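One chain is shown next in structure tokens, namely the form predicted on its own.
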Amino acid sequence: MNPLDEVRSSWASLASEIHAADESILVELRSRFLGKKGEIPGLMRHLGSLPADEKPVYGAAVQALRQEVESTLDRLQEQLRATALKARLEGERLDLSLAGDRSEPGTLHPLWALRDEILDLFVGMGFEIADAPEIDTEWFNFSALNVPDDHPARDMQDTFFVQTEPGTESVVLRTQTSNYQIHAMQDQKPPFRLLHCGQVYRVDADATHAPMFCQVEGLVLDKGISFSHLKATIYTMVRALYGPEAVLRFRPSFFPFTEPSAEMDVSLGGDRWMEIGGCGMVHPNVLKNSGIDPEEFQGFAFGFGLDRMTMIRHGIKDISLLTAGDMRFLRQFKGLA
């Protein structure tokens, strides 16, 4: 039997038995017959030893065998994947036609469970809970916070603009909860300790960034406030949330609305850090824009992403899972009260 007949016979005997094969067997067969060093490519090595008039017939026969093997393996693979998908969909099917003979108790979303814990913690430290609009003018979102007119954060690719009528002040979806600071300082006079929690919006999306996420922002104004007060406050929060082994570091940074400024990173062990937000002493220009004398009052502000802090708390790798509404993911947090 010549090599072509041997390979054809070998394939024919296997093809009749692989209708119920799993995908790993198909991968093995594809490598054996069609791989770079497979049996069918190896048949072409015999082409040079054939008479000239037999070469076209031999080459056509090898090509026909190759096409037969490829089409058979492709068809079987599609069948396997279709069967697997059907089984998965059947397993996830929810039959709403049956009488409700079982109920699944509700539970808090991990984001809101951590939010409530943080709010309780800061109320215990003497903070009041404040509120602010999510749709605001550029003045409250940028200008009053000492953000220059040419700052890149004001660009269309970074900010969601709601209204940009010529001759009128632009309206935006706020890019940070810091807009509440201006509202708060205009509505009441220091001293005070305020905390605000709410949604913010940015044109950004990857594993650790989302176009909509939740921030928690604190503002303290009083006489004689220093950066030491800020550090002590944040250390108290981090260790209350993550335990005494949690490590917090401050990295010098720049924000238009605070000076000096720092970014905050948290690690629960090892050399893996995750940034949770920024902080600093309230910039004198921000105080002036709100009608407060910076020579009389000083303050600190901090803002951190609740989504990222939830990721750290539960070891979540992708921020989009928090808003995807996937019950398979959310059922992991049944114990949250």
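As the structure is a prediction and not an experimental result, all values here were calculated from the model. From 1 onward, residues are counted along the sequence shown.
Omitted here: the form predicted together with a small molecule. The next part is about that form.
For the residues Phe255, Tyr180, Phe142, Phe122, the 4.5 Å heavy atom test against the small molecule in the model of the complex is passed only by Phe255. The stretch among 210-218, 231-239, 68-76, 161-169 whose residues place heavy atoms within 4.5 Å of the small molecule in the model of the complex is 210-218.
Contact between Phe33 and the small molecule in the model of the complex is not found at the 4.5 Å heavy atom cutoff. The closest heavy atom approach of Arg115 to the small molecule in the model of the complex falls outside 4.5 Å. Contact annotation for Cys279: at least one heavy atom lies within 4.5 Å of the small molecule in the model of the complex. Contact check for Arg193: no non-hydrogen atom falls within 4.5 Å of the small molecule in the model of the complex.
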